[in-house]
Structures are given as structure tokens and as C-alpha cells.
Ligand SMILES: Cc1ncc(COP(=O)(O)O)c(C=O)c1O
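As C-alpha cells, one chain now follows by itself in the form predicted on its own.
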Amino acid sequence: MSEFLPFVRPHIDEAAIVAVGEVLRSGWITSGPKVQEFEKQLSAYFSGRPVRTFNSGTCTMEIALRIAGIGQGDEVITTPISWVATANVILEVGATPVFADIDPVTRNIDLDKVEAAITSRTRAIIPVYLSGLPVDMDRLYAIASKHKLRVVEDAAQAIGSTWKGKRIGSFGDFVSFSFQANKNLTTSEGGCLVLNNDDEARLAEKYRLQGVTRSGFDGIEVDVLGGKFNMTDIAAAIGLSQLPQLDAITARRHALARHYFAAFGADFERQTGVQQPLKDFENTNWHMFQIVLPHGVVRAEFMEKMKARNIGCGVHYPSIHLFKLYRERGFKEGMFPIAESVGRRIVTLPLFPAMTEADVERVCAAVRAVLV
């Protein structure tokens, strides 16, 4: 039988391993010169905007909300189809999450439903770019401007994605990226927040390290309630080795996604009832290749049969509002029917740069064999 093919495998080369070894031998392994250099290079990548790095792509969103002054009594609109962190950060700052259903084609938040969900208490929108596919950025920011809302872009999966030729992160309001192990650019764990100005960047620095401001040799002041969210030089060294490769990584993902569509063939959806992802090769970075299974197919059984063929699959994501934490806050089944349907049937197929075209063909053949 063929070797097990996971749905993702981190792209770590020898240069990254050497870079980490150099940091470990340097004696400076927490936040230091590598973090500063990584932030500098990320800022250049995002057209000179201020960037601060963190130990996750979750705290980045929480800190953005805190910088925006969002808290008790405020509402923040987001999508039910994301990792639960997207909604959890709203609760963390004391605000109320408000969900808007998704578009069945893009699987991203439906901007018509976002506008319908806005109330006098709405202060922000957190759109999520599922699989790296942006929402309609022009429409998003038109809505935000009209209603005087802040935007915290959950671009966790979208580094390397674009909108009308401009990199996601190079424009907009707050933009949060994740560098977790399965992302297109990884630092093993980590993330960054793209900010609007130096004042926001300085406040982000306070929030990521206990609210501390230092001056001189022994001057310490604390004027905000911060946490412990700093990135290490070990993680930054990995990121520095990956950033120059990002365009090539994105191009390879595009090539593999194109091969998926070719290998499945023109009649695949009609023959199987499977919904393939939107065929977007202009804006998305192809972080994931996701299908939605036909009604009546039990996802766990499908995944078990794929595993029996030595192919791993993932689930990204179940509907957030159906988790117990959110049911206890009044959410229930039937409130967001499109998200609920997709959340029960979505499956992530293998896609990572080290895959070959033969690997893609093997996955497609296995999907057909399981479903047909």
C-alpha cells in the first residue's frame, strides 16, 4: 500500500533547521534581533505598514479588538464557519459575538447578511478568508465605512492572497495572520498583526508583554492590562527562512489546485454530488482544497474509508454556534442553515508543496472510489 498522505505537512527546509540551530547557539532565544528583523521584513512585504509578531494568530485578533476599544456591551459580527478562536476572542474582550450566515459558493461570510445584522451596538466585523479566499474587499470596507465600524480581518489562512492585485495585509484596517504549523508560512506557532499606524503598533507591544513600557536602564511603567504573547527568536528564525520562499510556495499550491480540478474532471460534481471549491486563481493562495460532500454521506465514514486508503483528511470547520459554549449563549440549530449544512459536510483534502501531481491523482481516485 502507498505511504500515508496527510492532509498537510509543514514545509521546513534545511536552511530553517540551520537558522534555528544558530539561534539556539547564540544564547538569545526569546524575543530579540530575529523578531525585529522578521517584523521589518513582514512590514516590507505588506507595503510598509507597521507589523508586530505574536505567539499565535489568536491573540492578534484579541489585541486588535482591545486596541479598537471594543468591550462590554459591544457587538462584533463574524462567520459561523471558522476555527472557534475567531468567536472566542470576541468573548475574551467582553463583547457579544453576532453570527451572519455564509455564501454557499465562497463559504465565506455573506456580506448582505452582515449588513442586515448591524445594530446600534455593532462596533466591528471579523471576516474570515476560508482557505485563503478573500471576501469582496471593496464591499466589506464600504459597509464598514458606512456604519463606522472597525474591521479585524481574520486572514489566518490568507498570507500570499490578493485582492485586485494587492496583497491581503497591504491595505485595510487590522489584518491578522497565523503562522501555525499547517499555514502556508509557518513559525511552528505564531502570528502577526498588521496595524494602521505607529501609535497602534506601540499599544500592540504593550498588550503582548504585560502592558510594560521600558525607558532607560531601569524605567518600567505599566498602564494597560497586557498578557504574555511575544514571539521567540526561534520562531522568527523559521519565519525568516520561509518568507523569501512564499511566492514559490503559493505558485506550487496553485499548480496542485489546478491539477485537482483537472484530475477530478468536468463531470465530477454531476456524477458524485460533491461541491468543489470556487475555482479562483486570481486572489486565493490555495491554503486548502476543500470539498463539500453530498447530502446523505456520513463524513466520519468517508474519512475512515479515505484513511483505509492511507489518505488523511481534515475538517475545517464545524459551525461555531453549535458548540456547547455558544449554545449556552442562546445559539441553536436552524439559525444559520447554510453554515450548518456546510459545517456538517466539508472535508479538507491533502494539499501541501511537497505533494506531487501523482499524489493529487491518488486522492481524486480515492474520493471517487469511496463515493461512486
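Being a predicted model, the structure only gives us computed values, none of them experimental. All residue numbers are counted from 1 along the displayed sequence.
Quick note: we don't show the form predicted together with the named molecule, though the next part is all about it.
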In the predicted complex, does every one of Leu133, Thr162 and Thr284 come within 4.5 Å of the named molecule, counting any heavy atom? no
Partner contact check in the predicted complex: of 177-185, 113-121, 143-151, 258-266, the stretch with a heavy atom within 4.5 Å of the named molecule is 177-185
Contact between Ser319 and the named molecule in the predicted complex at 4.5 Å, heavy atoms? no
Proximity of Ser31 to the named molecule in the predicted complex, heavy atoms at 4.5 Å: no
Indicate whether the named molecule has at least one heavy atom within 4.5 Å of a heavy atom of Ser56 in the predicted complex. yes
Taking 4.5 angstroms as the cut-off for heavy atoms, does Ser82 touch the named molecule in the predicted complex? yes
Heavy atom within 4.5 Å of the named molecule in the predicted complex, from candidates Val128, Ile168, Val292, Ile90, belongs to Val128
State the residue from Val194, Ala156, Ala235, Ile109 whose non-hydrogen atoms include one within 4.5 Å of the named molecule in the predicted complex. Ala156
